[in-house]
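Before any questions on binding or motion, here is one chain by itself as structure tokens, the form predicted alone.
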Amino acid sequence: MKDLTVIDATSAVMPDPFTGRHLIDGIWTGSDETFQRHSPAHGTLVSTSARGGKPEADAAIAAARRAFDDTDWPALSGKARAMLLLKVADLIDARREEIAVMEVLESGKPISQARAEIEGAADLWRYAASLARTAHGDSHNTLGPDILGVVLREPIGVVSIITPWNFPFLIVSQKLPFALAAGCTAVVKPSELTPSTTVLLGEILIEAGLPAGVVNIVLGFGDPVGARMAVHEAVDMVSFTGSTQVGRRIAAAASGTLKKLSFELGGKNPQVVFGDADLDAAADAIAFGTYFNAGECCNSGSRVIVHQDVAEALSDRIVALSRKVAFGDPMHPDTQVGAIISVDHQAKIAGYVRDARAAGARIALGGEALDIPGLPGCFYGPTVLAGVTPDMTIARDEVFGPALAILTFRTFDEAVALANGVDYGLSAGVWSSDMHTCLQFARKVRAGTVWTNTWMDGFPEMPFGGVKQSGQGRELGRYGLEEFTELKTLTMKVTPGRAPWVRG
């Protein structure tokens, strides 16, 4: 691994450990028990957080219920809600560096990436503000001279928002501002591995003037906090981002109340490279899709399906670029890949690679942990596996690490079959100089997002979500707001009198 690009430990000064508390009905509250988070890169104590349980979850849900049922929050004008969301965005910008550093220390991601994500999160709040002012229902003036039909779009009510550890601030910003723009109230539970930036967001919401109880934050573990948020009868909707396995458990638990569910779950996303593709551009995008956020990304392009005629050439390019990707101290501005989230997760990544090798895959690069001078944390080196076949576990399961599986194909139909031949359907990419090939593939692949000759470009205006076991519902775009609404049909007779039904 000596021929890789490694950035040693920096002399960055670590902030004092953060103390996180719950936000319930506008009041910061603690718990008798706490839990700690140490930096996965540096090993230092980052935060000590209140450990909530069923009582805190119930209190937060009750506060959100009161705020929805007994205050004027759901009836506020779109303008009023938009002004508040815009103020939140400005306050996020003002505290961007503080939030980014906390994100780095708890998640292990590079500081340059964290800064960009916090900037992107502020943009999401601004976009949601625009939706608050433009959301509307529908009308039907073609039902005859006596009837006017109106379709109202109303907030669904109390929403449980459960967010993951890989993009803690960005993903809560893909959900919460859209729920608020619709007029909902919320209870938010961040991952126990990355709780603190959500607490910082709570401080911002209070400073922005959000009424008490509209947003509540409960810190703790999936069991019991997340489980309670999924089953409580006063919750109208659950919005969850995380693994498909946990999504299944939430769906089963929530079935007793038939509440609405919106899931963004796992992915095993293919990048399909045809023989006429720009291989240099494809290789760079594949490196980005594999190593961005250390591969701990539901949109990771961790499965390359390449035409056999150019497979060796593409593989060589990917390996060469992988050696240049800067792994190391996430506090250094030049680092591109930081630490793995935990020791257990690093062992899981290593297990997938070990099993692939045992099944006959060839390790073209890496396949082992990476030592960063001066840092005690969890790092895994760039890994490229060639000769992967569709039956191998690494070709089908979500590794969630910096490991790429390369498969080959001969025909268009074979490429489509390989792309669709897994349980997931979150994203897909196609590389070809022939736009007809790109469009034909985009029509046939089963995925919520398809990129052509690029990878992982995202915009607030464009909806995001998956099919099959990658989830249900959509985030972002106007669809992201509509997820948090219910439709109500209003049928009005506009002329006096009514033709009698009872005669005699």
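Residues carry their position along the shown sequence, with the first being 1. Quantities reported herein were computed from a predicted structural model and do not represent experimental measurements.
Absent from the display: the form predicted together with nicotinamide-adenine-dinucleotide (NAD). The rest refers to it.
K.L.:
Which among 322-330, 162-170, 362-370, 132-140 is in contact with nicotinamide-adenine-dinucleotide (NAD) in the predicted bound form, heavy atoms within 4.5 angstroms?
P.N.:
Every other range fails; the passing one is 162-170.
K.L.:
Going by heavy atom distances of 4.5 angstroms or less, which of Asp236, Glu117, Glu103, Glu398 would be at the interface with nicotinamide-adenine-dinucleotide (NAD) in the predicted bound form?
P.N.:
Result of the distance check: Glu398.
K.L.:
Name the residue from Phe274, Phe292, Phe379, Phe240 that puts a heavy atom within 4.5 Å of nicotinamide-adenine-dinucleotide (NAD) in the predicted bound form.
P.N.:
Of the listed residues, the single hit is Phe240.
K.L.:
Is it the case that Ile340, even though its partner is missing from this view, gets within 4.5 Å of nicotinamide-adenine-dinucleotide (NAD) in the predicted bound form, heavy atoms only?
P.N.:
Although nicotinamide-adenine-dinucleotide (NAD) is absent here, Ile340 would stay clear of it in the predicted bound form, with no heavy atoms inside 4.5 Å.
K.L.:
Please determine whether Phe464 contacts nicotinamide-adenine-dinucleotide (NAD) in the predicted bound form, using a 4.5 Å cut-off between heavy atoms.
P.N.:
Judged by the heavy-atom cut-off of 4.5 Å, Phe464 is in contact with nicotinamide-adenine-dinucleotide (NAD) in the predicted bound form.
K.L.:
Please run the contact check for Arg303 against nicotinamide-adenine-dinucleotide (NAD) in the predicted bound form: heavy atoms, 4.5 angstroms, yes or no?
P.N.:
Residue-level check for Arg303: no, no contact with nicotinamide-adenine-dinucleotide (NAD).
K.L.:
I'd like to know if Arg249 sits close to nicotinamide-adenine-dinucleotide (NAD) in the predicted bound form, meaning any non-hydrogen atom pair within 4.5 angstroms.
P.N.:
Answer yes; at least one heavy atom of Arg249 falls within 4.5 Å of nicotinamide-adenine-dinucleotide (NAD) in the predicted bound form.
K.L.:
Any chance Lys189, Ala227 and Leu426 all have a heavy atom within 4.5 Å of nicotinamide-adenine-dinucleotide (NAD) in the predicted bound form?
P.N.:
The answer is yes; Lys189, Ala227 and Leu426 each reach nicotinamide-adenine-dinucleotide (NAD).
K.L.:
If we check nicotinamide-adenine-dinucleotide (NAD) in the predicted bound form, which of the residues in 255-276 reach within 4.5 angstroms of it by a non-hydrogen atom?
P.N.:
Contacts from 255-276: Glu264, Leu265, Gly266, Gly267.
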